[in-house]
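Consider the single chain below, provided in structure tokens and representing the form predicted alone.
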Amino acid sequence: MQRPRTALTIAGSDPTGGAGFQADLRTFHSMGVYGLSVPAVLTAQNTEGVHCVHELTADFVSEQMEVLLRDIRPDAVKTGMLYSSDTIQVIASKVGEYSLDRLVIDPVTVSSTGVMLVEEKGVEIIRDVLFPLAKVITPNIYEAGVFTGMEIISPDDMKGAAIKLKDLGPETVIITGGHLKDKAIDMLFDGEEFVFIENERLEGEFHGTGCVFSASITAGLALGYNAKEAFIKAKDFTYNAMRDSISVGIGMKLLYF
């Protein structure tokens, strides 16, 4: 039997399974990729929001990665919620040590309910240390605003922010615009062209869309797609999962696939 393609997620835990590394693993499996995981932070949350965060030590995250990577080399890697600046530094070090070149950074900074999901100095370290290592970064418009200092309210603003983000070192910038006022538009910029994809805006609030989207891009890269191909497939995958979403709690809907 041929070895399956593998993808590693380094992210937070979400007990609902709608976001975090649990959602990443579900996404990898649905796309035919074997999922590996390194928890970086634990949370107490439900469909209404994040209630508290419990940081794992950077040394333990390092040990998890070291033991895993000595044995299995993933075809692609993504990061999600990391929280600790020390953990971010450890991850960057391991990515360099093991030459992990298909790296997707989902720069999680704040929850949809306003809870900070990264230390204040962690934003700077993600920008300065992780972005230059990334094949793809996938901020939403709020996160792109945090890293560029821009207010992003239109597709033209997305283009301006993408240019600034590209200058920080990633190979490809993808900004998700599901929170734009009038349209649901995602955009890719690789330094040469802008690619916009617009979908119908779906009614309701959805939990974990950024995690599922970045995980599906990671799975696409693991399967051998280039960034643009992975972007297009991830957009379809995430939209379909939102369309088929389910309400299992009293808060936001969970993507279903």
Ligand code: PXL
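From 1 onward, residues are counted along the sequence shown. If you're wondering where the values come from, they're calculated on a predicted model, not measured in any experiment.
FYI, the form predicted together with this ligand isn't displayed, but the following is about it.
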4.5 Å heavy atom contact, Ala234 to this ligand in the model of the complex: no
is_contact(Ala184, this ligand) in the model of the complex, heavy atom dist at most 4.5 Å: no
Contact of Met150 with this ligand in the model of the complex (heavy atom, 4.5 Å): no
Partner contact for Met31 in the model of the complex: this ligand, 4.5 angstroms, heavy atom: no
Contact segment among 130-138, 160-168, 96-104, 109-117, judged by heavy atoms lying within 4.5 Å of this ligand in the model of the complex: 109-117
Listed residue (Leu36, Met65, Leu188, Val50) with a non-hydrogen atom within 4.5 angstroms of this ligand in the model of the complex: Val50
Selected contact from Cys211, Ala230, Ala222, Ala40, since only one has a non-hydrogen atom within 4.5 angstroms of this ligand in the model of the complex: Cys211
In the model of the complex: members of 81-95 within 4.5 Å of this ligand, any heavy atom: Met81
